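Next up: a single chain in structure tokens, the form predicted alone.
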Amino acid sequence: MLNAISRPAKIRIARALVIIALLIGALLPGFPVLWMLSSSFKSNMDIFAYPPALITDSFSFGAYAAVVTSPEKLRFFLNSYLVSMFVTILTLLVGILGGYSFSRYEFPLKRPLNMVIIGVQAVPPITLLIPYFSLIVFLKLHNTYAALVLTYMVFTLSYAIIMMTGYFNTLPRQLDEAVMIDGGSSFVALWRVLVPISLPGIVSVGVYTFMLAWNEFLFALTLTKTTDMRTVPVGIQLLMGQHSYEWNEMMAMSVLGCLPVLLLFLFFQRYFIAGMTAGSVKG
């Protein structure tokens, strides 16, 4: 029977099957997000109604109003923004300098340091929780922004240095040499020549760093103790009370918590994809 089908028909059938498979692959991970969005516009009773429905008659913005009118919940967002922005800025600054150094210079212990940086990526963060908690308490930084920023940078810096080293390796050394011939220093070559043309790599590192800092839960829970220092992921968890869960507010906070990362990725998607792939090929 298949032999009786013409070649163009077979191609159309194959394309249709591929499209169907892609749609199924998109719907499977997308359905929980859709249900989260739907639940954020329901009451707690409607969320558990049977049979379940994506859209109900009691459609309401009440959960969002409860979030945006609560100083405590808005503080969670402020904390996440401050920590994520500081981590991103400092990671980019140190990552650019570190990546440039590894790319352009030879210095003692370069190879062992490079191995250590790569090795950090392989260490499960949970195994470092107790040592970091003890260190933060010893430094008297517990329940401060500095505790979160410094801890997050341990995990973001290794990625930033690896990415920026790979990206700088794709840029010809003649660019540096041309600046130095004109009397400029390596510092001038980095910031005035290499950094502007390395925007895709820098954006890629920045987006990844912001996403990691924004979504981190374990260290944010352990290294802070007062409500005014909690971040959004911990704030969502706090809505799970002893006797009741505010499911609709949890969903509303989750949606609002997704928006910064989603918008960041949408705005810088072109640079992010270019930066992720540029460092993989030298030439």
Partner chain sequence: MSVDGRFAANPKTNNLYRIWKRVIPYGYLSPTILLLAVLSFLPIGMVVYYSVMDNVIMNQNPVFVGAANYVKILTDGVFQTALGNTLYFTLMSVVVHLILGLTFAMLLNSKLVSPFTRSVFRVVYILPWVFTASIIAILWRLMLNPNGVINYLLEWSGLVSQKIEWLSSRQLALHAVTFINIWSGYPFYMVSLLAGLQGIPDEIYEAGTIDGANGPQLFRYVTLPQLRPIIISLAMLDFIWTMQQFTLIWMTTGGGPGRVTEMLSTFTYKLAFSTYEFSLASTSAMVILVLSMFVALFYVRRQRASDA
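Residue numbers count along the first chain shown, from 1. Because the structure is a prediction, the values reported are computed rather than measured.
Beyond what is shown, the protein has a form predicted together with the partner chain; the following relates to that form.
Between the options 197, 135, 85, 78, the residue in contact with the partner chain in the predicted bound form by a heavy atom within 4.5 angstroms is 135. In the predicted bound form, the partner chain lies within 4.5 Å of some heavy atom of residue 47.
The partner chain is not shown here, but in the predicted bound form it comes within 4.5 Å of a heavy atom of residue 100.
Not displayed here, the partner chain is kept clear of residue 64 by more than 4.5 Å at the level of heavy atoms in the predicted bound form. Put simply, residue 175 is far from the partner chain in the predicted bound form: not one heavy atom of it is within 4.5 Å. The candidate spot formed by 89, 92 and 193 is out of contact with the partner chain in the predicted bound form: none of the three has a heavy atom within 4.5 Å. For the partner-free chain shown, 133, 134, 135, 150, 151, 153, 154, 157 of 133 to 158 come within 4.5 angstroms of the partner chain in the predicted bound form, judged by any non-hydrogen atom.
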